[in-house]
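Take a look at this single chain in structure tokens; it is the form predicted alone.
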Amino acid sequence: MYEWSEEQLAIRDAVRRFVDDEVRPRVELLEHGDEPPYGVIRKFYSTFGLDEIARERFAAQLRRKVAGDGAPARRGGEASAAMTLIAIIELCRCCPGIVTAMGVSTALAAGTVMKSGTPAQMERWGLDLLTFDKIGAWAITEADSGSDALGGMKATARRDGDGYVLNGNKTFITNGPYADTIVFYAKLDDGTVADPRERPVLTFVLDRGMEGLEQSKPFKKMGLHSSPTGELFLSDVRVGKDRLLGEGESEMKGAGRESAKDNFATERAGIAAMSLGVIEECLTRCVEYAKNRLLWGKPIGDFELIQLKLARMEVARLNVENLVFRHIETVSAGKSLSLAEASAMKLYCAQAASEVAMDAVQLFGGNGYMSDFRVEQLARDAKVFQIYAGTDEIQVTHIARDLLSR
């Protein structure tokens, strides 16, 4: 059975101290939108040397790309996966939005550039995104497409001489208001494919300040206040072929679709670790509260209904932790989760985190509804796990289709 090693526990404790020293004191500022999360993220990177690790990883991936090695780049297997997930878990115990902002920039935006880009594109955009020197956004969702992100996409790329003209709007874009670099998905509109749903999906890299590109102010949201979310508006944005990812293959094969699907699997697996952080924090706070909150002269933990809530939280914690461990073992074996496997993991973990957080609010009673006790924040934050990266309903569809295709 997999379990955390002594070295990994030492890393966990170090990250936990960073969270206590640098994140918890800023929660109110982050929650009210008075402080974007990027300064905290950059300090986290420098404190643990993640920027230097990113540079080393970038150099290795660049060498592989220049050498024409098409095999997937290995990221250090078990050790790297464990370190990444430990950081996610500990940050999510306090402020899940920080993880969302960080992950979209370094995993989705940077990951797409590093996988699909040429060596020149990797050097131009990839390194700054991996080190978090620049903030990245991954723009695929549109107001009228939602869960039908690829089929319902209306953003277009029209050929114009040696380049393209991009038009369309994107919404619910993490880091959208502050992004320096934007990975933008659009459909090729050249008249060769009549059905808009079947047109090739192209992937471009945009920079803040380009003519015709507008980035909205941050949305006001139910939760994840520490993760700025906004809209993008493109009106006749002219780009050269140097901004098209895929070295021309994407035009012929619609490689943007496969790029997006790969990212969906990565994103959904990461939500398991985010869910574990929320569950652990809620359980810790609830156990402490149940021991100290008195009712009719005795701790509320003596009452069976409270014990039932705590027991359910612990069962959820164990199940989600085992799924996180399974993910680490899969990576260490050099394998990847299928989209259906990642969807199953995401579906269960997201529901578990949301249910545990709401039970925590209920256990705290009136205090749980107050922001001072933090469980109300975790309940608001956890709800989005069931919505972004594909709703619960979409996960069910992917799981069922995989089962029925066997």
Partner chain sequence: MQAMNVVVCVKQIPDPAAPASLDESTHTLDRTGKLILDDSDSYGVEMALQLADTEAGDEVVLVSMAPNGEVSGLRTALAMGAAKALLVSDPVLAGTDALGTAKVLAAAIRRVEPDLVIAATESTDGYTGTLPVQVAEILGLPSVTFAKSISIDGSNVKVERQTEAGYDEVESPMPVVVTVTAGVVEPRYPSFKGIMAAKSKPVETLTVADLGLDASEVGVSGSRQEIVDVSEAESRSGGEIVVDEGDGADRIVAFLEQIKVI
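The shown structure was predicted, so the numbers you read here are calculated from the model rather than taken from an experiment. Numbering follows the first chain given and starts at 1.
This protein has a second form, the form predicted in complex with the partner chain, left out of what is shown; the following refers to that one.
Engineer: Within 4.5 Å of the partner chain in the predicted bound form - does that hold for a heavy atom of every one of Glu7, Val15 and Leu50?
Structural biologist: Yes: Glu7, Val15 and Leu50 each sit within 4.5 Å of the partner chain in the predicted bound form.
Engineer: So, Glu393 and the partner chain: in the predicted bound form, are they within 4.5 Å at any heavy atom pair?
Structural biologist: The answer is no: Glu393 has no heavy atom within 4.5 Å of the partner chain.
Engineer: I'd like to know if Leu213 sits close to the partner chain in the predicted bound form, meaning any non-hydrogen atom pair within 4.5 angstroms.
Structural biologist: Heavy-atom contact with the partner chain at 4.5 Å: absent for Leu213.
Engineer: Contact with the partner chain in the predicted bound form for Ile11, defined as at least one heavy atom pair within 4.5 Å: yes or no?
Structural biologist: Yes, Ile11 lies within 4.5 Å of the partner chain in the predicted bound form.
Engineer: Is Met83 close to the partner chain in the predicted bound form, meaning a heavy atom pair under 4.5 Å apart or at it?
Structural biologist: Contact check for Met83: yes, within 4.5 Å of the partner chain in the predicted bound form.
Engineer: At 4.5 Å between heavy atoms, only one of the stretches 375 to 383, 353 to 361, 24 to 32, 50 to 58 reaches the partner chain in the predicted bound form; which one is it?
Structural biologist: Among the candidates, contact is made by 50 to 58.
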